[in-house]
Each structure stands twice: as C-alpha cells, then as structure tokens.
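What follows are structure tokens for two forms of the same protein chain, given separately as structure 1 and structure 2.
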Structure 1
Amino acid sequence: MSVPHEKPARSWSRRKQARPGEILDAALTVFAEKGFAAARMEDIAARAGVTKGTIYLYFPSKEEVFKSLARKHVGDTLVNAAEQARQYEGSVREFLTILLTVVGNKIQHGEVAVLPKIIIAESGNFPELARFWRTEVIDKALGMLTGVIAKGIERGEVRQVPAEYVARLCVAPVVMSIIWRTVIAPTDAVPFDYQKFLSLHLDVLLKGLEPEGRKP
C-alpha cells in the first residue's frame, strides 16, 4: 500500500533545507544594493520570496545573517586554503599565485566583495561585526599566509624578514582591489584587470624578497 503524500513531504523537506542558502543569497544581493545599515530583514525576505518570520527561524538577527554570509563565502575558503597550505610542497610563489588567482576571480566576478566593504564602511556603527571579521577572516588569513612565508624562509626561498609583515603585504593589494571594485569601478572608462594587478604585485613583492645572490 502506498503512503499518501509521501512525495510532497520529501519535496517540502528538501525545500526547507535549501531555504537558509536561498536567504543568504538574497541577503548578499540586498547588502550589495543597500549596504548593511540600510538593508532591512523585510528587503531580504522579499528578495528570497519568504516572509520575514521565516528568516527568523534560521537567523535571529541581521548581524547573524551577515556572519553566516561571511562564513559561507569567506570562512570556508580560508579553511580550505589553510589546509592546502599545510599540505602544499611547492614553492611560495606557486602557492600564492594560485591563491591570489582564486581571490582575484571572486573580487572581479562575485558580489562577495561587498562583505569587506561593509566592514570598512560601517564598522564604527557595528563594532561587533568588525570584531567578528577580525577573528574569523583577518586573523585566519594572516595566520595562514604567515605560515606560508615562514616555510619559504626556512627553505631559503625568502630572505630573513618578519613573516607576519610579509603576510600583510600579500593582503594589501586584495584590500585595494576590493575598494576599487566596490567604490571606484563604476567610474572606470576601461575595466580594471584585477588578476593582472594581483599577479604583478606578487611578482614585484617576491623578487624583492629573494635572498641576495639566489639564482631564479
């Protein structure tokens, strides 16, 4: 004997599981259009095609929506990158080239660049978000890069310099690219090539970090 309504129940279950992701996708679009302060939960709900009450079933506040977005789009990437950094046996140049290529692609083609823009623009009014970003993104990214540079120093690929400062030099053009993409780019007469910029920066940086007398 068949069980009545079994198929619709399964469909409902799948739909319920997909809702958090759909809400986050809608929130990213709304944050990109309005910024964090001006965005309302009603706006996110309308974009996601759900009621405001549905959002609160998954996220207790707008701040938690932002944090979940950061974990989904940035945190997971950093976790994967950190694991790859621990296992990677190639050169510092090769690893950083791969990493910055991925980052450059996200900056150029995705809306995820709006997340750090929000922190830069609105951290004064939302200090808890700034603390969250520092812990979940900045500290993890700098920790990973510091480890990569330190490994390069041990191997003789990089001269003896403070690895934690070199890590910041690696991040600097990423921050500049994010600001350019989210603030300046709409006024560009010619589209800015973020990949070319990041690649050139890395080439100049690593040549400056080569030990004296080391053959390329």
Structure 2
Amino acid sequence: MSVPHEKPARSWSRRKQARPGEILDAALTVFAEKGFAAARMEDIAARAGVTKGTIYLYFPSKEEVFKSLARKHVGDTLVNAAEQARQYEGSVREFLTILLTVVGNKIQHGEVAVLPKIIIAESGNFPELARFWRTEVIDKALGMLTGVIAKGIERGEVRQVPAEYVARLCVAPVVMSIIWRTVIAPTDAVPFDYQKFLSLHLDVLLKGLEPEGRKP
C-alpha cells in the first residue's frame, strides 16, 4: 500500500499571545465536564489545538491551570455591578428587575454558567479556592443585595425583614437555575424557561415583601 495521503498540514503556528486564553477556555469546558481529577491534560491540550507540552510552557502545573481558570472570571460583571449598585437610588423593584434580567440572560446563554459547578465540585479538594470565591464573589454579591434591601426597608418599600436572609432568598432561584442548566438540563429534562422563572420569582418575592399597609 502506498502512503494514503501525505499530511500537508502547516502543522502549527506561533501564537504566544493567544495561547494562555485558549488553554483556559479549553480547560473551562473539560473541567466542567469531568471535574479536576478526571480531566486529562491531553484533553485540554487537544481542545485548545496544542499538545500537552505546550500547556507547561504557560502554566507550571495542572493545579495552576485550574486556579487560574477559577480566578479569571472573578471581578467581571458581578463585582463591578456591586460598585455601581452602592449609590443606586432607584426602587428595589427596578434594581432587581434589571439585575435578574441580565443574570437570567447569562444563565441561558453564557459560558460562565459552568464555573459555579466546578467550584462546588472541587471545594473539597481546593478549600482555598472555595474560600477565595466566597470572599470575592459570594460575600460581595450578598453584601450588595443586603444593602439594596436594607435601603428598601428604610424607605418603606419593603416590610421589616432580616435583609441578609432576604438577599439569599433573592439569589436562591439563580443558583437553582445554574444547577438546572449545567446538571439537570443535559439529562433531557422538560424544557425550562429561565427568564420566565426568574421573573416569576421576582414577582412573588416583591409581593411577599410588600409592607402590610400597602400603597393603593
């Protein structure tokens, strides 16, 4: 037999700038699917269009790839939003409507929705990482929401309730939606409209938080 076809394949090109990002994007997918331990460096490499050795030109170890990945998406949408929210003066209803619409969109279409799953899965193996996320993302998000709700209480827009707990009530359906999309939806569950779910959530929540002597 003759050689079937000489592979021409300008095999690879140098792309020093782009590599780290591409590798992390690939890692996001593979870690989300397999978890840390079961993810093979060769899988990540293949998905990034390189070979295993290349990863080690940019990252010292598998663990460091994982940690870089988990840190990469911190401070993006959410944390900046927290700053803007601090001196927001509109109503609680308005604020949460905007917030949940944006978040709902990200859940339905965004790539980042898999990150919480990764953190949940590996919190046992990487306690420092879980703590990092708690302080950098969760505490900040809850702090922001607590502030908004507390302001709503002062203003008489919201009845007397413990604001820190209501903040968690706010995000619970968001967490639920993320898990649904990343864990349940792939098992061919009946279709689920996240936008509709979150807007119902907001409707019920705000009605449930109205003061007794309600405005006409």
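Start at 1 and count along the sequence of structure 1; that gives the residue numbers used here. Just so you know, these numbers come straight off a predicted model, no measurement behind them. What we label the rigid core is the largest C-alpha set whose atoms superpose within 1.5 Å from one form to the other.
The form predicted alone corresponds to structure 1; structure 2 is the other form.
Overlaying the rigid core between structure 1 and structure 2 leaves the Cα of E63 displaced by 5.7 angstrom.
The shift recorded for the CA atom of P191 between structure 1 and structure 2 is 2.8 Å, with superposition on the rigid core.
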